[in-house]
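Structure 1 and structure 2 below are the same protein chain in two forms, each given by itself as structure tokens.
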Structure 1
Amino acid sequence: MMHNLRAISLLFQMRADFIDAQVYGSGHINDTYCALYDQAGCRVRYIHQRINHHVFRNPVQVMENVARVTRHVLDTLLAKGDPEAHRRSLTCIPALDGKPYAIDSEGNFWRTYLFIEGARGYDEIECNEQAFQAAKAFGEFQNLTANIKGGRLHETIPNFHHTSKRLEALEAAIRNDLAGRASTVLAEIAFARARAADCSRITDLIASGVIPERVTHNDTKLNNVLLDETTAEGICVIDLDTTMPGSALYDFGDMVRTAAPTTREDNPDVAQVGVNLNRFDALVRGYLSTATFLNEAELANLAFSGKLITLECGIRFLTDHLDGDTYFKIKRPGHNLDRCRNQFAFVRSLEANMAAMEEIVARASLVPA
């Protein structure tokens, strides 16, 4: 459904005249629009976004986090004299009442960002350099947000990367079988259950204090960092709704999930799914060039984290398939099942290549950044 973006634009302090708007991007959660404006004679684009309040139950808290994080990153870049500070951080345009969000007549929460020009996100990786640059940018984002003031950020989705709880949610979905599909996915259910022990490895290390809690992005898929169209440099980390307390391993793991495979996340031909070790090597080098704060336990689990987050994502797609596709946007019937099978095929490939990946991490950890 296309919203009335002209009406939405009037809720914000635009200081520009609305021309038109189009649905934009390929995110699975929010409704994103790119809007064209005339700003005192200049054509300027903005992003208007409806927050998915089915997924984010407390949009006010989401926007408190986003406002704090974006302000902090921008201030840090400005203090360093970065000449492109507003291209390297998201900038919220305030609503008429000064808040970072506006509520429309139907109770939807909206926000508006400056459109980052000359950079784009990729649904499918094209070269090793993109992997290096994306990982470097996400590591730098962790550096930038590490010392954010004002106390702990809100947990916008509690237990977001608690993989054992994700497996429990899958078990509940199997029991409820809301869409009557459980009997058709027995192989996928068995695949997930066989890996129950993997699910608690990182959360156990966090609980015992071996792995520290950090401010992390938690949704570091490749298309959530915009790469410069000419230099491929990671310009701006976007999609900050889940930036909250987490583990650096969640972030590295999701980079592996989305930037190391040989094909896109929803390719139904699982014979094409595998891990590209050169891309993995580039991710490790890019991430370690900026994430210089990692402790030994974090380094020792970098390779495993890719498997964990891919397994978790596959479990989430399977759960949503069983629930009748209520969480992730789908473009065709069976889309979530295709995604699940693809992710599980990638888990298999990561398992087969784990020793080689461990070796790549060990070699890279010895080289000073």
Structure 2
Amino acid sequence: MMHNLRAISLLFQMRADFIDAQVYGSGHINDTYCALYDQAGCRVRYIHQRINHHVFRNPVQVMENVARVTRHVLDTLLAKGDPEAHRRSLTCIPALDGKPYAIDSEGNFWRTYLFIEGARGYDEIECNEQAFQAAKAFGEFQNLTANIKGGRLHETIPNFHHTSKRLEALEAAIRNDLAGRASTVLAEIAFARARAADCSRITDLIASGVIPERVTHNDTKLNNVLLDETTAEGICVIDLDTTMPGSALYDFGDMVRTAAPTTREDNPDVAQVGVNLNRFDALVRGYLSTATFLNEAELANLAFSGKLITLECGIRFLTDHLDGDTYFKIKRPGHNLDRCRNQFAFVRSLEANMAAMEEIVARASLVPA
């Protein structure tokens, strides 16, 4: 559905005249539009987004987090004298009442950002250099937010990466067996149960204080980093809806899960699933070049984090398959089961290559940032 973007534009302090807007990007959660404006005779672009309040049940808290993080990142870059500070950070345009969001006549929540010119996102990684640049940008994002003021951010999705609770949800789905599928996935259930100890490893380290809680992005796919169209450098981290308290390892683990497999995550041919060690090496080098704040325990678990987040995602796909495919969108019968088996196959490959991956981390850790 195409919203009335001219009316939406009047809810914000645009200081420009609306010309036109088009659907933009490949996101599946929020409705995103690129809008063209005339600003004192110059053509400029902005991003308008309708926040999906069915996924993000408290959009006010989401936007309070986004506003705090973007303001802090921009202030930090300006204090460093970065000549491209406004290009390297998202800039929220305030609504007429000064808030970082506006509510339309139908109760939808909207936000507006400056459009970052000369940069683009990629839905799929085309080379190891892109992986390096994306990981470098995510590490820098964590670095820039490490000393954010004002107390703890809102936890907009509670227990988002609490893998043990994801396993508990799987056990509930097995007991309920709403779709009558439990008897057909006994091997997958056994696989998840056999790794119960892995599920609590990071949360236990956080609870004991060995690993600190940090500000984390929690959705570190390549398409959430804009790369410069000329230099291919990572310019700006975007899609901050899930930015909240967590472990830095969650972000790196999700980079591994999404960037290091040898095939797409729903390929039903698990024989094609493996880990691209050269890609993993690029991720490690890029990330550690900017994530200079990591402590010894975080470094010691960096390679493991990819296994954890992949296992967690596989558990979630299996849970949804048992529940009757109510959360993740599917394109064919058994799609979530294919995804689950694919993720579990990647876990096996990560386990088989763990020693090599830990050696890559150890080698990169010795290189001065």
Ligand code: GN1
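This is a predicted model, so every value here is computed, not measured. Start at 1 and count along the sequence of structure 1; that gives the residue numbers used here.
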**Study point:** Which of the two shown is the form predicted together with the named molecule
**Key:** 1
Check your understanding: Rigid-body partition between the two structures: same part for V23 and R111?
Key -> yes
Practice item. Would you pull out the angle in degrees that the smaller rigid body rotates by relative to the larger one between the two structures? Key: 15
